[in-house]
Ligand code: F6P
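Just the one chain here, the form predicted on its own, laid out as structure tokens.
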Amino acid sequence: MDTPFDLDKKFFLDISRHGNALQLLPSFLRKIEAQDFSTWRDKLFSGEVVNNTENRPALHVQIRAPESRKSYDPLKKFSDKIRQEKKYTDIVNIGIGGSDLGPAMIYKALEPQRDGPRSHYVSNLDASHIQQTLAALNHETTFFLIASKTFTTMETLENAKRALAWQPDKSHYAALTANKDEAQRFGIGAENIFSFPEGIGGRYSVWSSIGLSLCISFGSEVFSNLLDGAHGMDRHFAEAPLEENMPVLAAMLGQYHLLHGRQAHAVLPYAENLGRLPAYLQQLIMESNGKKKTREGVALKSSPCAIIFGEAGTNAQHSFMQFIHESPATVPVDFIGIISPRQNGLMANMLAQAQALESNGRPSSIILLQELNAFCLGMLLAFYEHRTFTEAVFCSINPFDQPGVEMGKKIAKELSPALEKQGDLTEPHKNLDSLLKILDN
């Protein structure tokens, strides 16, 4: 298993630098087969329930399949209209989490190819985020996309209200949501509401209408290429034997390292335009698999996923790479490079880091994309999605819910009115009373 794998000469994976883990991969593959992996994978692809907590399927694979592409027709029609009219120079996508990280990351990755309006991404509840974004824009040539699956997300609605104070004309707004009723109550016209199914989780939602900003900025053909690349990786994941299946092999290496106490994993894209990829993967992997119980409610003895961090190379070489090279803590690394147009100095640095780590007995994988275009990027994102799903099956967890995040949202909604009233809080938040008194003063 030390030969690089490739998919259609577009996506390459080299796992040869993982030392003893390679000899143990066959035993990990046998173990995941015993976990009914094929059955779970079939459920994912057929649209059966895989999210047992919410009794839902996970439909991100289905919607990007060619036979489902008619669902994108409203997005294509709307984005083509905006691009052709040339009324708007700027798009502001207001969202958070998957409604922000996915499109913002892809926009940065493909920005040199943009031929339509500029897109801007506002997510932080801190008012300075939207204020600084809008300060550089024109009221009449700015269009807003309010992106929220539930259309009840605090950060998104607060920023949407701030946008309305700046541009009150609601003809400048569209909603991207699974909750049409809430969007209409907010005042968005039905013709400007682009829905997607409840079975599309937030961190997988860039494949849905949440990707509208990308359609507008780059054109619907580029967005279709993104879907095509993801679908190519989908077919590989569904059809390749496990011993040649790139997401499966990467997942099993990840589990090997976790079982050996390697709790962190670095992702280092040697391309400045992929600088947001580590943040995107933090949500994809850590929100999906950062769980304490199995699907059946049994407490896990160890973490089923690693702590993901990273930065674009070569900047990473001047920050945390020394730690990865020589710290007693072993940190596996994914190096991601672009073949064409090749920057020899950049590629030399990436390969040198991988070689130096190997000489110190440190594990790393190398992923190469033929180009940094929409098709190859779609392959890369789907690769990590399927790797995440495979690790979840291996650990018998549900990767499609986020109970800890939901608990935090619930508590925030309880705290906000109390902060506004500047009064005491009731159980279970009495331990915050002293902090509130400081805030009151």
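Start at 1 with the first residue shown and count on from there. The structure displayed is predicted, hence computed values, not measured ones.
This next part talks about the form predicted in complex with the named molecule, which is not shown.
- With the named molecule omitted here, the record of contacts in the predicted bound form names 146 to 154 of 146 to 154, 164 to 172, 317 to 325, 357 to 365, defined by a heavy atom within 4.5 Å.
- Using a 4.5 Å heavy atom cutoff, none of 102, 105 and 213 lies near the named molecule in the predicted bound form.
- Only one of 415, 49, 405, 65 lies close to the named molecule in the predicted bound form, with a heavy atom inside 4.5 Å, and it is 405.
- This chain is drawn without the named molecule; in the predicted bound form, the residue among 202, 229, 332, 269 with a heavy atom within 4.5 Å of it is 202.
- In the predicted bound form, at least one heavy atom of residue 96 sits within 4.5 Å of a heavy atom of the named molecule.
- Using a 4.5 angstroms limit between non-hydrogen atoms, residue 409 touches the named molecule in the predicted bound form.
- Mapping the unseen interface onto this chain, residue 311 falls outside it, with no heavy atom inside 4.5 Å of the named molecule in the predicted bound form.
- Mapping the unseen interface onto this chain, residue 234 falls outside it, with no heavy atom inside 4.5 Å of the named molecule in the predicted bound form.
- Residues from 258 to 276 do not approach the named molecule in the predicted bound form: none has a non-hydrogen atom within 4.5 Å of it.
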